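Only one chain comes next, encoded as structure tokens, the form predicted on its own.
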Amino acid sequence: MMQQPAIALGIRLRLLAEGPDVSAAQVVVDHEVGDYTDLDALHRITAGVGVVTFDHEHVPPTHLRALQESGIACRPGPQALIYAQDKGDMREKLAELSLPAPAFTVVDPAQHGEESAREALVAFGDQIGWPFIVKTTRGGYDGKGVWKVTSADDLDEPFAAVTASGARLLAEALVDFRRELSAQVARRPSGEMVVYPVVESRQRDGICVEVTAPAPDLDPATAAEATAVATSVAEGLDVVGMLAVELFETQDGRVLVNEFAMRPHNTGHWSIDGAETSQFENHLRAVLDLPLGSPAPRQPWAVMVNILGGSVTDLVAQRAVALAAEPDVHIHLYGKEVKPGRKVGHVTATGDDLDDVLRRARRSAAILTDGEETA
């Protein structure tokens, strides 16, 4: 998705791909298959490039520092990216910046022993109330590495997971939230920022299934607070590129930071078809220190629905059916093998009637998922 604006702007991309058939390798001609944890591979692929950026947060920071020392600009840099890599570091940094977040504690079984770490989590639950949420501080996404803990017996699985990986555990208060929001900003090295409308995201089994831009019925004061939090994170962590801050809107109208990502994010995919400048184009502009584009919506409403792997296995063949049913809905297929629940594409509908936009986006996604239509 970053390749499309790169073509228009005359930007050449070079890709380190995890495999020959991954989505990006299908469209970026200049690519090499390699392991992002292999420093030699990183030096080889970055030789002669102007800027290195990322579509995930998992490149070791020591490797990024080595690239910087060799004269390669990494954006965002390792000093910022560490907070997206480790949820425990993220929570501690948010507390340092006095930004709103759920009550939390971090335990390290490898350093202090499992028994001591268990006792700390039980004490946390007794203090803030059961149930609460436990996450691995590293790795984990789309609901993986996250557990709802209702008693001490539920801690067995989280501890087994970190024993295998060596990660720490982050415990957080279970938030009574009304809905989930996402605030996105793009930031240049010079400090220029643009702010996208705050959106509402709907999750199922820990996976984002739908995004509405802007978030319906969002109080202007709450929207302003969400935007202020996102810009504070961007400035406080010296983020360069796109930043997505996922938030809880509580029942009493507050916003609390859930997580954030320093890259183009699923909750911003609507911007490809729904904003004057997509998050992918503004990410490229930001990391190259080019003037940023307008994030303004093209129409009053945009709805993005993810296509999750279902009974339809031939998405290319089904594409014609979906386009015939909803010709004005934009379909984006990722070239991935269809597996149950896997994100294999998304659709975006825009317009001035939210109910109609929702209906069209959901119908198109349903046809591409199970060959069926929804009401």
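Please read these numbers as outputs of a predicted model, since none were measured by experiment. Residues carry their position along the shown sequence, with the first being 1.
Just so you know, the form predicted together with a further copy of the same chain exists too; it's not on screen, but the next bit is about it.
Undergrad: Is there a heavy atom of Val229 no more than 4.5 Å from a heavy atom of a further copy of the same chain in the predicted bound form?
TA: Result no; Val229 lies far from a further copy of the same chain in the predicted bound form.
Undergrad: Is Gly293 a contact residue for a further copy of the same chain in the predicted bound form, using a 4.5 Å heavy atom cut-off?
TA: Contact check for Gly293: yes, within 4.5 Å of a further copy of the same chain in the predicted bound form.
Undergrad: Please tell me whether any heavy atom belonging to Gly10 falls inside 4.5 Å of a heavy atom of a further copy of the same chain, as the geometry stands in the predicted bound form.
TA: Yes - in the predicted bound form, heavy atoms of Gly10 and a further copy of the same chain come within 4.5 Å of each other.
Undergrad: Any of the heavy atoms of Asp328 lying within 4.5 Å of a further copy of the same chain in the predicted bound form?
TA: It does: once a further copy of the same chain is placed as it appears in the predicted bound form, Asp328 has a heavy atom within 4.5 Å of it.
Undergrad: Look at the stretches 66 to 74, 39 to 47, 53 to 61, 318 to 326 and give the one with heavy atoms within 4.5 Å of a further copy of the same chain in the predicted bound form.
TA: Checking each option against the 4.5 Å cut-off leaves 318 to 326.
Undergrad: Could you tell me which one of Thr136, Thr212, Gln85, Thr277 places a heavy atom within 4.5 Å of a further copy of the same chain in the predicted bound form?
TA: Contact check passes for Thr277.
Undergrad: Considering Asp273, Asp108, Glu180, Asp154, which brings a non-hydrogen atom within 4.5 Å of a further copy of the same chain in the predicted bound form?
TA: Among Asp273, Asp108, Glu180, Asp154, a heavy atom within 4.5 Å of a further copy of the same chain in the predicted bound form occurs only for Asp273.
Undergrad: Scan 19 to 35 and write down, in order along the chain, each residue with a heavy atom lying within 4.5 Å of a further copy of the same chain in the predicted bound form.
TA: Ala25, Gln26, Val27, Val28, Val29, His31 sit within 4.5 Å of the partner.
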